[in-house]
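Coming up is one lone chain in structure tokens, specifically the form predicted on its own.
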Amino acid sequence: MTFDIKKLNAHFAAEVTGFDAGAEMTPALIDFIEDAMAEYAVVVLPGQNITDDQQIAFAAYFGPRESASGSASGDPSRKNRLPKYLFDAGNLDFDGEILAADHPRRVMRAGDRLWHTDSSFNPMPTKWSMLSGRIVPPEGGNTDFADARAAYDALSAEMKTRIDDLVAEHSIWHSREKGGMTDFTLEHEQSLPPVMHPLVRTIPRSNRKTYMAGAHASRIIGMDASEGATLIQELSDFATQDAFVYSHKWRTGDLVIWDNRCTLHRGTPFEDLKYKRDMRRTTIDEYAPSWAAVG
């Protein structure tokens, strides 16, 4: 079993050709993906013309799947056009047409343009996301990824000592407010209350240290609010320097997997009132460690 692997950045990210995510996985294939993710943190699988069921089944080999239903959509009453375990990351409405300019999902999704980690606002730590490009615009709409492992390695010894034992609070409403959404309700906030995660952790399998900052990180526990916000922004800015960033230009059929525990990512603009973009994401969680707790 051999696959062609091309590294995409000096620190992380690789494209793997010859792999079929729609096939039944063997232990050897599962280990190959686990090892590739441990090394590269972002793995691009091109030419994956998979169905929804195949994508959902593929995700299940690597951990508990996160349900895509719930109030994080910004509109708990809206109908989902995709199955339970597929997050709708495109710009299409229930009928498959481009969302109207005033559609509430556009405001909600503005936060996706900020550097973030998927679902860090949930108590269960997120392991990976898997995003399938079903329809991609001819230009724009890249996804940028940043390697927080390499960023941690490059921090000064003083900064590492400062942050190693800190705990951050994460909230989806914090990031949505930063993205311009201001009309969420108390019901929204109560449906997804803030959670706490260690700022720094060691990733299983790779045994590399990393830190988790980004737009969902709202404050540092036990730290003055202003000081904590400044530290979070400083760490996010450090991790998203050009040297640590890979920008993925989407092709139809790409399946991109990234490790939310040690990367940040963001969407980039495209003419989203002109071009359709159908992106479908499966997200898998870790099994809850002892420190996973609701704030």
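In this text, residue numbers run from 1 along the sequence as written. Remember, it's a predicted structure, so these values are computed and weren't measured experimentally.
As for the form predicted in complex with a small molecule, it is not shown, yet the points below apply to it.
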Check your understanding: With the partner left out of view, is residue 171 within 4.5 angstroms of the small molecule in the predicted bound form by any non-hydrogen atom?
Key -> no
Review point. How about residue 63: is it within 4.5 Å of the small molecule in the predicted bound form, going by heavy atoms?
Key: no
Review point. Can any non-hydrogen atom of residue 151 be found within 4.5 angstroms of the small molecule in the predicted bound form?
Key: no
**Study point:** Partner contact for residue 89 in the predicted bound form: the small molecule, 4.5 angstroms, heavy atom
**Key:** yes
Study note, to complete from the structure: Assert contact_stretch over 30-38, 265-273, 53-61, 222-230 against the small molecule in the predicted bound form, heavy atom within 4.5 Å, equals 265-273
Check your understanding: 81, 85 and 106: each with a heavy atom within 4.5 Å of the small molecule in the predicted bound form?
Key -> no
Review point. Considering the small molecule in the predicted bound form, which of 199, 215, 131, 136 comes within 4.5 Å of it through any heavy atom?
Key: 131
**Study point:** Listed residue that, although the small molecule is not shown, lies within 4.5 Å of it in the predicted bound form (heavy atoms), from 143, 120, 210, 175
**Key:** 143
